[in-house]
Ligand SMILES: Cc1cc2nc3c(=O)[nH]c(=O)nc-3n(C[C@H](O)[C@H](O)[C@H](O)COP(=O)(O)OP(=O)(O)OC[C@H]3O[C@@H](n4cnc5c(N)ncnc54)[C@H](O)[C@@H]3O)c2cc1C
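Taking the form predicted on its own, here's one chain by itself in structure tokens.
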């Protein structure tokens, strides 16, 4: 346990910054958190006011890792929503332009090979084409676009893609958890927990230079962290995706979940498991479509709307809410051939500075990387604070 004589400074009040703040404060450290915006939550907060609660990207949790156990232990992910059996009956897979009840047999066969170890140094398309066939490799890569937000998932490390594929679709698929109210509910609980622990939170507080005293945890997007730390080469590969949030008057023909094996798109119902995020009698969905190389965003949105026409027939005549967005360079880490999560920007930057985010050297996918890196950074910052206190003594 540290004492309050050394203050740990946290830059960024999103999921990573709040996780680090709680972890440090629970150990007895004095913590001050700076958030440049007026509201906390970063990319995890809801991006539209009630009665429609939507987020920048998917807001589910996988309950098979240390990140979830850390959240659950503190009661931050209580109040789960559960889809009805009818909801799951509306799951489909788009193959060759048609909606099917299941993926092709060749994909199912590949999916069952959980004992396989894919190489790190080879791209997924080449590896999967050699083991099965090119069509199956292409469909599998598109199918995992839900986790990569990338139009060319096949170019990524075979080990990276195969691990994701097995985690999302494998026989031992982990339980997906939806918190009622989405990530905003979780973030609100985190803010309350941080305040209860005595964390000093300063909003509308932009940090342009690192403080001279005490450990510093930088929990911002990599581009912002690069400017603050003066490290021009601080970058990593990420996704590029168009998003469409729509609410419609409910119809029995609407699909709740659609995995796209043609273009890497994805369609998910929010209200399937949580009817609090839209008015009664309406269904709220998010659709995503990866942006192809050199493709104009208008063309991506055109393809996304065509996808919506297929999974939500006649939605244009029933729509009650609509929002479009482009997410680029902020959708989690993607590892190219020859790379693993250990090759990403290190958490410990030296001189008592630590980096947190979804594209740094920690395991998991997307927000999981953020939480895992924040816990690691907090432990290291606490050690640095203890050392500094001893030196002063």
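Since the structure is predicted, the reported quantities are computational estimates derived from the model, not experimental observations. Numbering follows the first chain given and starts at 1.
Form predicted together with this ligand: not shown, discussed below.
Stretch 352-360 is the contacting one of 339-347, 22-30, 352-360, 46-54, since its residues have non-hydrogen atoms within 4.5 Å of this ligand in the model of the complex. At a distance threshold of 4.5 angstroms between non-hydrogen atoms, residue 206 is in contact with this ligand in the model of the complex. Put simply, residue 224 is close to this ligand in the model of the complex: some heavy atom of it is within 4.5 Å. Interface residue remark: residue 335 is not counted as part of the site for this ligand in the model of the complex, having no heavy atom within 4.5 Å.
The shortest heavy atom separation between residue 36 and this ligand in the model of the complex is within 4.5 Å. Against this ligand in the model of the complex, the set 80, 251 and 279 makes no contact: no member has a heavy atom within 4.5 Å. Of the residues in 307-323, none comes within 4.5 Å of this ligand in the model of the complex through any heavy atom.
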